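Shown below, as structure tokens, is a lone chain in the form predicted alone; questions about how it binds or moves come after it.
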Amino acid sequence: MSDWKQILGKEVPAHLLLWNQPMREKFSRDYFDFSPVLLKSLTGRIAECVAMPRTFVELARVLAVARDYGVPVTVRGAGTGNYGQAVPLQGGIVLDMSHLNRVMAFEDDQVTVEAGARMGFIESVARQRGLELRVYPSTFQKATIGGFVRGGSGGIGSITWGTLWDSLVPAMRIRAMDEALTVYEVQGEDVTPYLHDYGTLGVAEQLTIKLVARTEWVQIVAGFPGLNTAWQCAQELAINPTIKKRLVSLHEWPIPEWFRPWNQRISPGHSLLLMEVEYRASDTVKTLVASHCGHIDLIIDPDKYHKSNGVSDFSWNHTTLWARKTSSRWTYLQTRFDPHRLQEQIQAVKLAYPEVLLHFEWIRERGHLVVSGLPLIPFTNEKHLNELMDFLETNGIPVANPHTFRLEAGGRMFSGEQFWQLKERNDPQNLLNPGKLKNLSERSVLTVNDGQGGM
């Protein structure tokens, strides 16, 4: 053992450290295999140790050893990300935060939690209090709040409440990797650089997130004989201010055929619209579906909400997961379609790339309605993938590339010199998730890249 391993073993109880190779391999992965490109470049990257602190004191001891001996630290939540955020590129320590999971305090319309708290648990506790999460990923039953905030973007609820950048996280407590392991209480606009930064600016110990009053949600699954009528119905639902909604998710056939728990209950050959709407709006939505030549395949009443397979289990990047259960050749992209040009853009994509299967999620971002596209692509080679991305960009469909682990090249991140100032202050040795960013000496002014993040 090198010196740092011996010291770590003395500073931290043995049951909080994993040294055997199978466990190190397990905790050095996330869902990067959704990308054949990342699968090739990230396979075999493995931590030298996994640390699992259960208190902030234990966390500080792990970080102190890493700081003193120059050991890289890769922070991990539940490993539900898709871009290799949790993969240690340079060995060192994987810091598993999932045992720092307490719900600390509810206050008015927000809750303060430790970073490792699972979002499914937060949602459950909040709903018992007449509240609920505003936005969460399709992996919310496993995903930690810290992992979502530092590596995600939007999800269920984004149709109403937007993404992480829509003031969903009013405060965070960040521990820096500097000489003093300084703890910063970050609030308001100062939170923004720490959103979707892959943990490169510090270790989030505690977060405050906004909640909203609980709604009784009915889940409705509707089929349509064609994609054209389906997206028109989805669009009309999305823009209707009188219908409270949590999810509007559309899937071109044959994607619905791969939703195995439901594929005997839906109409073959039909595009599928998945909806979560306020229970009182059920009849209005049924009428809307019928007006677009659709039909209701399935209704799940509010008393079964979160108690079995729900529509969110087939939305966002869970859609990609179901496709890959059928064949590992399927991969995906993250895009933004223009709701005012949607028909034109759909036609352009289907004409040039008929093999691409379209999957849309309607969301709001800074108050504006946008259509997030997570199309499924049968992977052939990287050249074809890059040509497709170039084609989409040329046709006014921005792409957030999920086939890179470099933060500035793929995910959405803070733009500007302030990011690098924080990096120099908080992580002067560049020990936090090294390799996911350019070196400080190579820094440039970054631009925002709109990506969904996570599943």
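In case it trips you up, residue 1 is the first one in the sequence shown, and so on. Computed from a predicted model, the values in this text were never measured in an experiment.
The form predicted together with a small molecule is left out here; the points below concern that form.
- Out of the listed residues 373, 193, 88, 199, 199 is the one that sits within 4.5 Å of the small molecule in the predicted bound form by at least one heavy atom.
- Between the options 248, 93, 115, 111, the residue in contact with the small molecule in the predicted bound form by a heavy atom within 4.5 angstroms is 115.
- Only one segment in the set 252-260, 292-300, 268-276, 143-151 has any non-hydrogen atom within 4.5 angstroms of the small molecule in the predicted bound form, and it is 143-151.
- Heavy atoms of residue 419 never reach within 4.5 Å of the small molecule in the predicted bound form, leaving it off the interface.
- Shown alone here, residue 318 lies within 4.5 Å of the small molecule in the predicted bound form, counting heavy atoms only.
- The small molecule in the predicted bound form comes within 4.5 Å of no heavy atom belonging to residue 363.
- Using a 4.5 angstroms limit between non-hydrogen atoms, residue 211 is distant from the small molecule in the predicted bound form.
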